[in-house]
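Single chain ahead, by itself, as structure tokens, in the form predicted alone.
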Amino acid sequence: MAAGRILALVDCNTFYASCEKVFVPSLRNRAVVVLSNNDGCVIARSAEAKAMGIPMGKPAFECHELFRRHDVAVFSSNYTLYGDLSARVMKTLARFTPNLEIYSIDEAFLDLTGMPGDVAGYSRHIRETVVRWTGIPVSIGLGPTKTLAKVANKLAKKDPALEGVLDFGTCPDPDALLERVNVEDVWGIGRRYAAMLERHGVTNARQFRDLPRDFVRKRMTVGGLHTLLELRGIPCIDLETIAPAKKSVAASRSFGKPVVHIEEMREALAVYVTRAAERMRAGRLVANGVTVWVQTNTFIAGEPQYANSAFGALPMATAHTAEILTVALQVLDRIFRKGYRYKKAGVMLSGLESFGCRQLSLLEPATLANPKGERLMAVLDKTNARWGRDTLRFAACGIKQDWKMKQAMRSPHYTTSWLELPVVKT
């Protein structure tokens, strides 16, 4: 084991379902499920819903009777709410250590090395603080490596007696813990390698840890070897406290109904460009190009199918929504074909550069700076941040937007819209 090194993996429990419970106390002990885009399939389940045997990925229409019989609360996905609550959780965690890596929307690694006293007790304090300040329950796994912290977290979730915290480094019988973890569930292995390992009689994490290095390196490359060494307590995967620079920003959604007219497709594309450009400006980035793609629904038999994508270069690196949209609509005109029922479209902004270090054009000196455009985008972003998304928007985004994704059971945004703030009645 790596002496003295202590990493913690904090993982939000049933995150999407937990977000839905935060502002509705009556849901506290009730089964909750969250559906995918257009209310298609089950993508998140509370602990109560899992206990009922509701499977992940099950089409919602096949579960209507089950939902009704067991009084399951069903919600459309509300990614705006989930993203904001995730940010609140991560901001809370950052108070406990200067070294934090946000791994996903509901997971973060914390470096607690050198923390005085009982680290498990300190982790329980972190857990209690997060749930008190944000309403989101979390589990915490501790270990000398990222992989062992992941293992500890998985076991902490499964055993209620642990009360959400497990320190692998202080466990008297680490072999017994590793034997409880299926090899497929070890971070970095996955199904394909797990199938190969099972053919060699390796079914749990302890058996994998005890394999010869050469065997793992030969069959699973250096990535598998790093997983092996991490299970032995030898750190191979560093904590990434500085997020890697983004190479692209994308936005896409499935339509609530098939789109057949280019006018509706133009509206949808304008919305996606707006979303992608907002995220890019939030990161102080500019793009050099835009890719647009469209596709029909391949799951409908008998319908003509079509999918295509194309790239358009921007005259100069920019984060101005209107400038990007002009090129994106030109690209759409090149790939859109009449006679098809489109299910999905999207946009990707690429060739990202830092706003302060962007490469300027020598051929078009008049376009080297656009202070009016930059001020306009700043006003747009500040207004929408204060008063809610789309308070100000481009006319190209349309008004009715009949093509929008179905969200018949979406909960209020609560934390990001003045019009949807929780109301307390006394």
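A residue's number is simply how far along the shown sequence it sits, counting from 1. Note that the rigid core is defined as the largest set of C-alphas that superpose within 1.5 Å between two forms. These figures come from a predicted structure and were not determined experimentally.
Same protein, other form: the form predicted together with the DNA, not shown, and the subject of what follows.
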field: The single option of Ser248, Gln305, Asn182, Gln330 touching the DNA in the predicted bound form, heavy atom within 4.5 Å
entry: Ser248
Heavy atom within 4.5 Å of the DNA in the predicted bound form - residue from Ala319, Val130, Val186, Leu110: Val186
- request: Please determine, with the chain shown alone, which of 321-329, 132-140, 84-92, 293-301 has non-hydrogen atoms within 4.5 Å of the DNA in the predicted bound form.
  value: 293-301
- request: Answer yes or no: in the predicted bound form, does the DNA come within 4.5 Å of a heavy atom in every one of Pro160, Gly164 and Tyr414?
  value: no
message: Considering non-hydrogen atoms and a 4.5 Å limit, does the DNA approach Ser36 in the predicted bound form?
response: yes
Close approach of Val260 to the DNA in the predicted bound form, 4.5 Å, heavy atom: no
query: Lys406: heavy atom within 4.5 Å of the DNA in the predicted bound form?
result: yes
query: Do Gly53 and the DNA share at least one heavy atom pair within 4.5 Å in the predicted bound form?
result: no
- prompt: Who in 16-45 is close to the DNA in the predicted bound form, meaning a heavy atom within 4.5 Å?
  reply: Ser36, Asn37, Gly40, Cys41, Ile43
message: Superposing on the rigid core, is the Cα displacement of Gly188 between this form and the one not shown 2 Å or more?
response: yes
query: Does superposing the core leave Phe208 with a CA shift of 2 Å or more between this form and the one not shown?
result: yes
- prompt: Comparing between this form and the one not shown on the rigid core: C-alpha of Leu197 shifted by 2 Å or more?
  reply: yes
